[in-house]
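Shown next as structure tokens: one chain only, the form predicted alone.
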Amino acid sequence: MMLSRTANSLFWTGRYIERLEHLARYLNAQFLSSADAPRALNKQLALESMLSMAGATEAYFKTHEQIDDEKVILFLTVDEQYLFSIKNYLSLARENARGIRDNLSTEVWETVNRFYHSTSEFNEEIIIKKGPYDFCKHVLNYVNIIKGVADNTILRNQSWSMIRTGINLERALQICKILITKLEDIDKMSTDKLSPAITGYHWASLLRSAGGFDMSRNYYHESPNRERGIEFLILNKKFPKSVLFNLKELQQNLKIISDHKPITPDSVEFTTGKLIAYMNYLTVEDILEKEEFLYQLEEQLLDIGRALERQYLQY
């Protein structure tokens, strides 16, 4: 059994990499979409959406009086004073990876380290001049490289499962946050502006933010809408970004970490299995009937994180 300190660093390396990826993907999709959005939409809504998805609205207004596109983008990308900017998430991921270098391949560590130093090319002046597109694409390209190198060079043992546990839990949480944020965006608009074209635009933007636009069209052979978007991102059993897919992956990785020990009612394995059993028989109609469903699902995922921390990560 690995030490709790090591497990903690493995888990958080996976979580921070996944978190910065989703934040970069969301900023990129929202910023680009706002540039050619229908008239009923505006950049103000897109900027508010970015802050909300990142959970940064309150922190932003502690240091800024009003929404400003340059300030919001800098705040969420390269602001070193804000703990949860993409640049700081990368710094946290690197520090955790540094502590577990013996569990990683040299190739993975060198790629993480190279990624960290490469972001120094992007300072505030460049981000303001060129916008966030190049920075976000740089981040997404490096994340894909890290995941590919890790997939091909790390042993499939308990250490790997702990990294994957962090990725699976964070990915499910980020998809939940993206859905909550986009539904709140739609609620902010007056109903007379919500034409089918505007609604379709929102759901296409949401799926792009989650990296699921192309596969959704491939799966349904129709344009995205509220029902198909929610069903695809929460319940689809074959899409690797869906909440249910990641809960099942999480369950398998927890079995390896626990060495297949019997499950007790107070364990994270029990909490995870209970949520999977509930979701296995859930339909999109059930979800749409419950206004608070996504908020409750987010809290259940956070409960899994708290149970996992109590069981494996405290030292």
Partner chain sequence: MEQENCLEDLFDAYPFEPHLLDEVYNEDEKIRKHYQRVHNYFSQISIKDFKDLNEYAKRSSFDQGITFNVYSDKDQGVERIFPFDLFPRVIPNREWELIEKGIIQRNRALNLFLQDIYNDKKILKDKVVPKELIFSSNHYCKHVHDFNPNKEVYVHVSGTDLIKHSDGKYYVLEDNLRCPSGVSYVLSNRIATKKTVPTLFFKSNVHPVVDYPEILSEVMRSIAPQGVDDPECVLLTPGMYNSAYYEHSFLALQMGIQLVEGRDLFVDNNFVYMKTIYGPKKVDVIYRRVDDEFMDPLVFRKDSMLGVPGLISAYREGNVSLANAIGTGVADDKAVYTYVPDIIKYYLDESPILSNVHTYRCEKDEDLQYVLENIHKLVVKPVDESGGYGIFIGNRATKEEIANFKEVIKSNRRKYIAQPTMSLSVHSTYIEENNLFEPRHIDLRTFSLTGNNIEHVCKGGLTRVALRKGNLIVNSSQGGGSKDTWVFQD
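Residue numbers count along the first chain shown, from 1. Remember, it's a predicted structure, so these values are computed and weren't measured experimentally.
Another form, the form predicted in complex with the partner chain, is not on view; read the next lines as being about it.
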Quick one: find which of 217-225, 149-157, 96-104, 198-206 has residues within 4.5 Å of the partner chain in the predicted complex by heavy atom distance. 96-104
Contact flag, residue 259 vs the partner chain in the predicted complex, heavy atom cut 4.5 Å: yes
Does the partner chain get within 4.5 angstroms of any non-hydrogen atom of residue 187 in the predicted complex? no
Please tell me whether any heavy atom belonging to residue 109 falls inside 4.5 Å of a heavy atom of the partner chain, as the geometry stands in the predicted complex. yes
So in the predicted complex, does any heavy atom of residue 113 sit within 4.5 Å of the partner chain? yes
Name the single residue among 117, 237, 137, 129 that comes within 4.5 Å of the partner chain in the predicted complex, judging by heavy atoms. 117
Heavy atom contacts to the partner chain in the predicted complex at 4.5 Å, residues of 221-238 in sequence order: none
